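We've got the same protein chain twice here, in two forms, each standing alone as structure tokens: structure 1 and structure 2.
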Structure 1
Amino acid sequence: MQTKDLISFMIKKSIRIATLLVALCLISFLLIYMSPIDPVQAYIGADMMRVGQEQRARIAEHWGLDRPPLQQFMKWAASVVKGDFGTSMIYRRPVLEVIGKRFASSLVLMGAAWLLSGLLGFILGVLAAMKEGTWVDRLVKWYCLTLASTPTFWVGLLLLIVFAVWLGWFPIGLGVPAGVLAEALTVGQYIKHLILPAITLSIIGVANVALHTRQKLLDVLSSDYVLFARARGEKGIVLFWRHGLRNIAIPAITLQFTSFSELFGGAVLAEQVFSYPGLGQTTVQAGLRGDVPLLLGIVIFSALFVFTGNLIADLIYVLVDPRIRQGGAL
């Protein structure tokens, strides 16, 4: 892989993400503008009977909501270019500050779920392929196909009912125990509140990795060089370690990094079910209350998050696969 090829690759990726961000922001803004939610009414909240028309007009003027849609969008875009993402109408704080604080909580949740789903999915895929046609293979396929068609929020509610309500092993929700400040939170308490949301995300994410790994390993096991290795007496874990692992690791890694979009989307639903104070819950609140600056900031951030996952997957694929390095192609 040459430096010139890498620079060209990064330039193409940068142009692509810049174009994507502009389109996403414009579409998101239009959807918010056409939605039935009145940002001024949502901003006032329960005090709507005490606020007169003159005060409403002042609020709309303060947030720039009295201007035509195109002017609102252009003013916001000009501020973003300068590094100012505006102030959240809900939290009354800079958008970047709100996103940074909430994403820190979501990052732990998504990171734990990402690792668990990747490892469990890879192991199940390998077991299913090595035991093709047996009850193990059928059980893994049934598990994966069932979960692939199961909504995240339904799995979360089921786990919540069984393990939090009926058995009482875990808290019903929130990121900290009721009445406990975040500064006084112990590691054990934090993990206890994290387990159910993380499991919800991970068991849903297992399906794609497991099924993809199974099919890739079956292709490897049916190849000529593996048949030759079997003829020499290799079998079981030795056969997999020598000839299977290297060939299925790259596709599994690529798929895992490209699953960032599904991970973020699942986190939005899981955080709502468990009332987990992360970026996903903030996204729902921003949408329901018409917080345009915060919602557009989250759109940009989530797009960059997904783009980063795809970029890492591409780079790992290039660096690990010797055939791509020798070809000098990206």
Structure 2
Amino acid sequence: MQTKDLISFMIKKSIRIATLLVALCLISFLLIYMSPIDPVQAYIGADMMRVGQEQRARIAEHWGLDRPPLQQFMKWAASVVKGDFGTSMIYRRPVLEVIGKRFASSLVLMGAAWLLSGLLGFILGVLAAMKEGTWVDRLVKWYCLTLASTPTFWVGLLLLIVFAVWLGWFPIGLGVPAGVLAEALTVGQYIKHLILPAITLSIIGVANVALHTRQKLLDVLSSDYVLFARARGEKGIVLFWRHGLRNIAIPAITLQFTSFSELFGGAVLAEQVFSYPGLGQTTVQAGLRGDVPLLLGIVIFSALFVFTGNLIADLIYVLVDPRIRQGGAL
């Protein structure tokens, strides 16, 4: 594919995500606007009893909550365009700053789990396909299908019971108030807090890659070109290395990139179980406490996150697969 095509491809994708994002902003805002959430209450929080009617009205005025919905939306939209996404009501900081900080720590968790599940899933899928029909294959398939039916947070709870409560390898009482944890931790403690949630996310994430890789490798192994490779005396590891890996790696990697949506959802649950101070936990807080600007910000941000994964997956095909890369060359 030529640079020109690549640019037009990127432009098309960007227009698509732009329209989706605008619609997403509008719909999310409307949803929240019509909801029974009282933003003033979210702002006041626990001091509810000490705040009088008059004060509430002043707060509402300060935040512009007394204006008609369209004006409120325009104000919020302006803050989105400006780039700070408004001010979080529970953290009293610009939304983007809160998201950025929390996302950084989620990124470590998700990145670790993403790599681990990708590698492990790929290896399991390859093993299952190379040993098709044997007990190894059956075991991998059984594991993956069962995992697909398992609630993420329950896996987290089990790990907590075994490794934190019974074996005592990891801290149990991670329920330190949100916000305190991240700053007060040393690197060692941080890693200790990271391991269990990362494993939880990986255990669940393995299933998809493994099943997909297995199927893909089975297709490759029954292909004409592998038959010819065998006719030329290739077998076992050499055969897999030369033809199998080459043909299943791109699909597996792109699949991993398109799984950002599930990864984010899994992180929300895992962070909640382990009180890991990331964006997932913040999402839950924003939702439970009615922090409208923060919740809306996270919705938009998570859409961008998912979009980025899909875009990278598309780009890998375009840039790496010679059939697309050099498609116009002849």
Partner chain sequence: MINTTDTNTRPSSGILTMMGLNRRQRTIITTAVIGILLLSIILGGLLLSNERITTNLEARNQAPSFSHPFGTDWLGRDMLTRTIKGLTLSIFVGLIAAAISTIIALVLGIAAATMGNRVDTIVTWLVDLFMSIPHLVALILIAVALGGGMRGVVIGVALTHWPSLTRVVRGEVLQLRSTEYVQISRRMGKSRWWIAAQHIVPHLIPQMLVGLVLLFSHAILHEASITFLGFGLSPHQPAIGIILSESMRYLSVGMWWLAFFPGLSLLIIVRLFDILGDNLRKLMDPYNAHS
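The structure presented is a predicted model; accordingly, all values stated were derived computationally and were not measured. Residue numbering: structure 1 sequence, from 1. Rigid core: the largest C-alpha set superposing within 1.5 Å between the two forms.
Undergrad: Choose the one of the two that is the form predicted together with the partner chain.
TA: Only structure 2 matches the form predicted together with the partner chain.
Undergrad: Is there a C-alpha shift of 2 Å or more at Leu296 between structure 1 and structure 2 once the rigid core is superposed?
TA: Superposed on the core, Leu296 moves its C-alpha less than 2 Å between structure 1 and structure 2.
Undergrad: 2 Å or more on the CA of Phe29 between structure 1 and structure 2, with the rigid core superposed, yes or no?
TA: Indeed, Phe29 is displaced by 2 Å or more.
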